[in-house]
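Below, in structure tokens: the form predicted alone, a single chain.
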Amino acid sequence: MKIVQIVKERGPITGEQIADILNLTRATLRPDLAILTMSGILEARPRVGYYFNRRSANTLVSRAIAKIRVKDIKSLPVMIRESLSVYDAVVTMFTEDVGSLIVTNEDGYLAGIVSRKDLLKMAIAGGDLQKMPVGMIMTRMPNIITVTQEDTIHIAAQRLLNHQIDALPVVRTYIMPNGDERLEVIGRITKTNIARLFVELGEGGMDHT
């Protein structure tokens, strides 16, 4: 949303200029710019920059992605138990090369999510990372943004952008014998998933039209 507002007000504007305004690197913005450009919200011209496309709702890509479901591009979730230590969570995050970890309870249902920022804050605070469970610092249900595998990619992209997060757990609801609802994690959707999809659409590698 911030990128779109900047381009509306200052476009045409280069990716480097947008990154400078947001105090971020160009590489950090690349997935966001790919999403916005390939969805038709922004347009880009070589040696000119990005500008807002007021006809984006009518673009071919917009119509194509409206038909694509989360289940078509979701990836395997990277999950840990809430009893795992913060230290082991840090190791898992870097080993798996992900920006966030999905946390489950002892029964395997969604309990929370922990980001790089959460782990960094804990490391800076100087606590004993090997003794503190990740459940102490994670964002807990019901404050977690999720999608189902039948949601459209457009919905997933909107939630990623609106909530300024990098990944969404893909869930399905499980009804316990006592009637309580639990969320089973069956995948994840990230900015990278969506950016890769738009690249494939642009190259004609996927037939969703």
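Nothing here was measured: the structure is a model prediction, and the numbers come from that model. Counting begins at 1, following the sequence as shown.
FYI, the form predicted together with adenosine-5'-diphosphate isn't displayed, but the following is about it.
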Using a 4.5 Å heavy atom cut-off, indicate which stretch of 180 to 188, 141 to 149, 40 to 48, 23 to 31 touches adenosine-5'-diphosphate in the predicted complex. 141 to 149
Looking at adenosine-5'-diphosphate in the predicted complex, do all three of S115, D118 and L168 come within 4.5 Å of it through at least one heavy atom? yes
Using heavy atoms and a 4.5 Å limit, would one call Q164 a contact residue for adenosine-5'-diphosphate in the predicted complex? yes
